[in-house]
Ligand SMILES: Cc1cc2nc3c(=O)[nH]c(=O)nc-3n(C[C@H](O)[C@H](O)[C@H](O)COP(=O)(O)OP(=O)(O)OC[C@H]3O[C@@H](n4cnc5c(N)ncnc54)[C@H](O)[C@@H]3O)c2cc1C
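The chain that follows stands alone, in the form predicted alone, written as structure tokens.
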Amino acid sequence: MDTDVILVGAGPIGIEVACALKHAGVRYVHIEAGQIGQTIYDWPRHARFFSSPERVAIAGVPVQTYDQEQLTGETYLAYLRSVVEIHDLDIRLYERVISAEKTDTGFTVLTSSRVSEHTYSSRYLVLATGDMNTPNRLGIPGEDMPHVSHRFDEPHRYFKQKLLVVGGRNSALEAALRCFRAGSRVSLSYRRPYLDSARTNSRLHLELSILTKKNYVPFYPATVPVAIGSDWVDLAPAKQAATGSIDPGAVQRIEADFVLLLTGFQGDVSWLRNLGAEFHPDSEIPIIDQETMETTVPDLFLAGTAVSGNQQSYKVFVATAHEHGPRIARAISGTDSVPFGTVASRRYPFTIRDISPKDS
């Protein structure tokens, strides 16, 4: 099948790119390996956004909440379904990309659905595939045991159980706090010597700081797991583990019925490398033109958190990526697409600078 644009990924920004392309009159095929908003669907149940509702609204469709508070993942998925139906978007769901190749005339993409394989050809390729493809594995004995997980889904399973949460960013702190409130005996291990307020949500940081200080949640700072057993975890000093020279006498064995390794995720940059995209020196952040979102490969564009590559900067997310769709549509069509929405307070400019420290 031939089209003008192949768009891969149907998270919020992928959907917003599709709306921009449709408004600009560009022919496109939209492909998603799972369901729309799959990453959000994989969130813990009832987890809330840190961004306010107006900042995660997309494509000119306001988000109205009954309590005017941040949305839960479930509420946002219902909202995304409404956006797709309002804009009548055609998304090929549960269709996974097998390969993408650059050709003399554009790109060829091979996909696989439940029943067959499909081949698409286009001049342009837009990747809105996110940056949470694969969990950051520790590579330690016991990591794949059934009571160990890299994702937190809900707290009930940990009721009256000894739970070790590994990590010190928002996902780890939220899991530790929710499980503590649900009756789990939580402990926390973090590779840094303290919980950093500059790296975490202020509410989560305050509450966990109090709980760890009073030892309601035992805290093991500057430690990393080096082995996991059926009901225990060995923690070693982070500096020693980093050098590979661990003093056995410095290893702490703590009891744990369950282990949550909430050490973050990484994006899959293999597609970009295979297509010939260039990256910034000494990093896996792809080089892009900020005005068009085009990579160093002509006619290959990135949108949403995919622009972060394999970095854990967390500076690009839904609230700061709304301009990606219009920029891409403008670059491809040569004209400005119809702006989404008319309410000024729903369309005010917002970038990472708005939430960064003033001296940054």
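Residue positions are given as counts along the sequence shown, with the first one as 1. It should be emphasised that the depicted structure is a prediction, and the values quoted were computed from it without experimental measurement.
Below, we turn to the form predicted in complex with the named molecule, even though it does not appear here.
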I'd like to know whether V297 contacts the named molecule in the model of the complex, with contact meaning heavy atoms within 4.5 angstroms. no
Is A128 close enough to the named molecule in the model of the complex to count, meaning some heavy atom within 4.5 Å? yes
Counting only non-hydrogen atoms and a 4.5 angstroms cut-off, does A10 reach the named molecule in the model of the complex? yes
Using heavy atoms and a 4.5 Å limit, would one call H118 a contact residue for the named molecule in the model of the complex? no
Out of the stretches listed (33-41, 289-297, 59-67, 326-334), which one is close to the named molecule in the model of the complex, meaning heavy atoms within 4.5 Å? 33-41
May I ask you to choose, among L302, V26, V318, V29, the residue with a heavy atom within 4.5 Å of the named molecule in the model of the complex? V318
Checking W271, F279, W232, F219 against the named molecule in the model of the complex, the residue with a non-hydrogen atom inside 4.5 angstroms turns out to be W271
From first to last in sequence, which residues of 72-103 have any non-hydrogen atom within 4.5 angstroms of the named molecule in the model of the complex? E95, R96, V97
